[in-house]
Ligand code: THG
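Listed next as structure tokens is one chain, alone, in the form predicted alone.
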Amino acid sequence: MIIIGELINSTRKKIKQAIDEQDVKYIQELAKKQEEAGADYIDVNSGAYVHDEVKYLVWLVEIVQEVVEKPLALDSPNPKALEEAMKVHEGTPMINSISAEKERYDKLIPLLKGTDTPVIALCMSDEGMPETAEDRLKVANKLLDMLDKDDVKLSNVYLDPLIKPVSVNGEYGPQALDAIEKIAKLESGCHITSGLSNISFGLPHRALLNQAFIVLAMGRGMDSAIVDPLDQKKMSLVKAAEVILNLDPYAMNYLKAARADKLV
């Protein structure tokens, strides 16, 4: 399971305050904690700063990379912000995110053509956010075809079927799971990720719903998630699910986590 740590996002009040105050220590500690908890990528987002997004995204990349070895996920639809952040990123970052919306796609694809840059691809088109699993599959196929033609390796693509809150419509849970399963059956070589916590928006005890959903989604074929890696219960469930799904041969990662006292 490829974990993308979601916590350094300027839409979160504490992160916005830390950026405002240039609190390097707070942001670096949060980055280190996510890496230590098992994040494979550390997402960084400065989108709350409409006029200064470029400056702050570059700053986040610089200070976070001082203290972590894992690559970062550069979270922005702004091609200038991504371009400048990529210049200061050591190694290859992940881009979060592109979509099948023509304007967004055309702006971002030059950053990806012919590279080994991983990219999160949202199952969204100019027709809007898809409703059903079939709608998501249609957009997924379109996106994969577009990216393939533009010399983007499908093994570097992380399709996000767009998770919607079950508090709004109870069918959104089954629809998301069905979409994950349908995309997994494409056997395109792409990954499947999601902004997982969207499933629980508007409901109490959100962590419990997120924990349940990640296990169900893994069973349908999701192999990545944008999550809070500091949720130790959820990370433990990921390790356990990997064993059950035979994604962790001989339970090596599970045993390693157990020895490190990281399972709850």
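Being a predicted model, the structure only gives us computed values, none of them experimental. All residue numbers refer to positions in the sequence shown, first residue = 1.
Quick note: we don't show the form predicted in complex with (6S)-5,6,7,8-tetrahydrofolate (THG), though the next part is all about it.
- The closest heavy atom approach of residue 140 to (6S)-5,6,7,8-tetrahydrofolate (THG) in the model of the complex falls outside 4.5 Å.
- Although the partner is absent here, residue 122 lies within 4.5 Å of (6S)-5,6,7,8-tetrahydrofolate (THG) in the model of the complex, judged by heavy atoms.
- Among residues of the shown chain, residue 11 is one whose heavy atoms approach (6S)-5,6,7,8-tetrahydrofolate (THG) to within 4.5 Å in the model of the complex.
- Among heavy atoms of residue 238, none comes within 4.5 Å of (6S)-5,6,7,8-tetrahydrofolate (THG) in the model of the complex.
- Comment: 190-198 is the region of 126-134, 149-157, 170-178, 190-198 lying near (6S)-5,6,7,8-tetrahydrofolate (THG) in the model of the complex, near meaning a non-hydrogen atom within 4.5 Å.
- Only one of 220, 33, 70, 206 comes within 4.5 Å of (6S)-5,6,7,8-tetrahydrofolate (THG) in the model of the complex through a heavy atom, and that residue is 206.
- None of 27, 61, 226, 39 but one reaches within 4.5 angstroms of (6S)-5,6,7,8-tetrahydrofolate (THG) in the model of the complex through a heavy atom, and that residue is 226.
- Applying a 4.5 Å heavy atom cutoff to (6S)-5,6,7,8-tetrahydrofolate (THG) in the model of the complex picks out 75, 96 from 66-99, in order along the sequence.
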